[in-house]
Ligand code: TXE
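Shown next as structure tokens: one chain only, the form predicted alone.
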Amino acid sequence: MAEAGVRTIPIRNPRTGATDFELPVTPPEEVARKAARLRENQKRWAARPLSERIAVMRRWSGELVAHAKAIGAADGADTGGCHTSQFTAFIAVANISGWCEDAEPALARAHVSGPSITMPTVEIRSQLVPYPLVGVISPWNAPMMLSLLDAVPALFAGCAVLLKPSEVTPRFVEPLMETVRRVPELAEVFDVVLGDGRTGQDVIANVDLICFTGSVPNGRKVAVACAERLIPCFLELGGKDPAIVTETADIDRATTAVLRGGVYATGQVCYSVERIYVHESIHDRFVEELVRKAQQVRLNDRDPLDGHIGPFIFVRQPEIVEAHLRDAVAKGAKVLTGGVTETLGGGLYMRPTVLTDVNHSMIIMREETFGPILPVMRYRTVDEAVELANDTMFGLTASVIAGSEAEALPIAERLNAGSVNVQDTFLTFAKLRRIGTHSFGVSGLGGSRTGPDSIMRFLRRKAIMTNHGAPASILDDKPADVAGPRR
């Protein structure tokens, strides 16, 4: 129960439709108090050798494993229950374990030491200084995983972290913070505040750097607020991710990949496939097979662990999806399967929905839908397919499926997206520890959140310069000495 006088937010259960959780909103003065405490404690955290921070994070990993069942249950209650929820603590452990291996070599690569090229008597040494307090504002899809994706490397870098999770999916916070409390050194520099957009504004007002994951409209608001304070912000925003299927593609492979890429987690993933361009020579066969496979996908309304896709997490999301569908149908699109929101046990579900006769005048081909929608559009030439795929304000991921890798790769290189899947979709997890990427368009802002060098987002590089020779004298300066006084 919330304390008397504390503002609360009722939280809906996505499976039952019932309001079964009450979120106490952290008051602005409490946000400021927590931020001040974290900022003070961060000095000791940053002063620890990296090896000590790694040891603390390893102990946290052990607590996450010990509490994995409770965390999975809470994450499942937040999201309506899906297979990923059951593994969310282990995903966090993998994230931490990866940084235990990657942090030291990444920071070593960033270090510079040696003589100046332009002034040989000067020795230069770099110092990496962590931002004292990082604010993380996370979204309602995959709440636990996405809350820690940025928080973990920030902690390894020596920052303190203040997390504001989505008010739509807050149940995971208590079991997560129980694991943090069991590691006192971590609890000193990692804390959570609860609330809605107003609380997010309070976080921005009290931190030194923001990592935000969410919609483009909210991302713009975050960017403006950070600009007013002149603090860095790293934004991971929406997608309208295309898939190109060429005339030589294996239809069975292509439909399997596209179906999973479009409807996994009911399409509530930023890198879901939301536009499909298929060569006209195989379009009809592709659609027929896609419909057949889509109709085999089962809802998990009876059992979260039995079935393929779950309910909409956010109660307003089906309204957005339905509005996109209505606009498409009004402009000539045909719905071949799915397309209806079903209320089952209080939860809101939609089966995989295949559309044809779509075009770029339709909202469903231009704005993020975030639902299990598969709009298929035919094309004539590869140039046309590339033009259609790049005709978007987004640029998060894209996919190309062709008869061979040799055919697909040149197409992939022409697409404006931070990550391009070749001969498949939904390969984002493959890149996490290997390569950093940047989003195109409005899909993101700032440095990469993947790859070993993504830890550098949380550090400022300082140069310490020592002159081993005589200092320059103003009396020796001559106008002709454009390169500086001669020794």
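Everything numeric here is computed off the predicted structure, so don't read it as measured data. Heads up: residue numbers just count along the shown sequence, starting at 1.
Same protein, other form: the form predicted in complex with the ligand, not shown, and the subject of what follows.
In the model of the complex, the ligand lies farther than 4.5 Å from every heavy atom of H324. Though the partner is left out of this view, D208 does not reach within 4.5 Å of the ligand in the model of the complex, counting heavy atoms only. The shortest heavy atom separation between A389 and the ligand in the model of the complex exceeds 4.5 Å. With a 4.5 Å cutoff on heavy atoms, E236 counts as touching the ligand in the model of the complex. None of P130, P139, G76, G347 but one reaches within 4.5 angstroms of the ligand in the model of the complex through a heavy atom, and that residue is P139. Site annotation in the model of the complex: the residue of V245, L396, V354, L148 reaching within 4.5 Å of the ligand with a heavy atom is L396. Exactly one of the stretches 246-254, 131-139, 151-159, 180-188 approaches the ligand in the model of the complex with heavy atoms within 4.5 Å, and it is 131-139. Contact here is defined as any heavy atom lying within 4.5 Å of the ligand in the model of the complex, and by that definition not a single one of N95, T450 and P452 is a contact residue.
Within 4.5 angstroms of the ligand in the model of the complex, the stretch 184-198 places a non-hydrogen atom from each of G195, D196, G197, taken in sequence order.
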